[in-house]
Structures are given as structure tokens and as C-alpha cells.
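One chain comes next, on its own, written out as C-alpha cells in the form predicted on its own.
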Amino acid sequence: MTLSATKRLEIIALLAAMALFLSSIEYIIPKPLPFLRLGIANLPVLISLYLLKPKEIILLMAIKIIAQGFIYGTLFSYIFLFSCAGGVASGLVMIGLQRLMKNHVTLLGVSVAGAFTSNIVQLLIASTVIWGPGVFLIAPPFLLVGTVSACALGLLAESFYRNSRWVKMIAGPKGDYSP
């Protein structure tokens, strides 16, 4: 089953809107530390791994990252640098892992790999650009929260992908859709 270019753009727009909605929900959830985020806005990106081509997933991630920067007023700040670097690195890892290991890794594994990559890149940038090596003192709780959150998101994405009528409509009843 293949989709027209217009349908593919509609899917990207819907997933981007979903990501921004989830980002807004995440923004109002109290955080124990300002830098700890659950990453729930990445759920649409995980779902897109089975529905879109790599360049379309990258477009989705770019829309998500830039729109979040506009919405939260961080577009020209170091926070945007963290978000952009972590998002791009994790996105590329998730795309690569899903494409290379499609039959051997679930969305849970892809989600954990993406979160770990994002967190490591953000820690490296924070240590290089702003706070120095002392930033690695927060690495254990940062990585722990990221891993737990990624597990929950990966399981949720798996469940959504398996049970969603919307996905079945796009992928076909046998899930025979391939980007």
C-alpha cells in the first residue's frame, strides 16, 4: 500500500500537531528539576518510524523542535541548542536502529536508544558550552528519568501502533504498509 504525497504531508502535519499538543501537556507537568522532561512529545516521532520515510521523519522532528522553540520562547537560547542537538541525534539513532534492525528491535528498544542518545548529547553540550564537567554529577538521575520515561513511551507507542484504527487505516489491515 502506498500513499500519495498529499496524504504523506497530512500525516506529517497531524503527527506534528500531536507532538506540539503533547509538548504543551508536558510543559504544565511539574518537574522536580527544571531540566528533567518526560519526553512525551516524542510519541508521534516513535509512531512515525513505521509510517514515514526517513526524510519525512526528519521533517517532522524539525517542525517539532522549531515549533517548540517558538511556543516556549527558547528559539534563540541555549535551551534550543540542547533541544535541537538532542532531538537530531536521537532522531537519527532511532531512524537508523529501526531501519537496520527492523525485525529485531521493538519501539521500546528504539525509544530507549533515542532517549539515551539525546541525554548523552545534551550532557556533552552542557559540559562543553555552559557548565563544565560538573554537569556529569546530574547524569545518573538525568539518565534514569530518561530511561524510565523512554520505556513507558516505547510501550505506549507499541500499543498505539498495534491497536490504533488510524494506523490500520494507513498501514492496511495486515500492517503491510512500508514507507
Partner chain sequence: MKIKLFDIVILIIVAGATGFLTFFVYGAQYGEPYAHIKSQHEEYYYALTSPNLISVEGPLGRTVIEINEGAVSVRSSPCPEKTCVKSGKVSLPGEWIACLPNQVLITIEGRSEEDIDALSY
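Positions refer to the first chain, counted from 1. Note that this is a predicted model, so its numbers are computed, not measured.
One more form of this protein should be noted, the form predicted together with its partner chain, which is absent from this view; the next part is about it.
What is the one choice in 152, 67, 138, 58 with a heavy atom within 4.5 Å of its partner chain in the predicted bound form?
In short, 138.
Does any heavy atom of residue 143 come within 4.5 Å of a heavy atom of its partner chain in the predicted bound form?
Yes - in the predicted bound form, heavy atoms of residue 143 and its partner chain come within 4.5 Å of each other.
Considering only heavy atoms, tell me if residue 63 and its partner chain come within 4.5 Å of each other in the predicted bound form.
Residue 63: no contact with its partner chain in the predicted bound form.
Answer yes if any heavy atom of residue 130 is within 4.5 Å of a heavy atom of its partner chain in the predicted bound form; otherwise answer no.
Close contact exists here: in the predicted bound form, residue 130 approaches its partner chain to within 4.5 Å, heavy atoms only.
Spell out, yes or no, whether the shortest heavy atom distance between residue 164 and its partner chain in the predicted bound form is within 4.5 Å.
Residue 164 lies outside the contact set for its partner chain.
Within 4.5 Å of its partner chain in the predicted bound form, counting any non-hydrogen atom, which residues from 73 to 91 show up?
Stretch hits, in order: 78, 79, 82.
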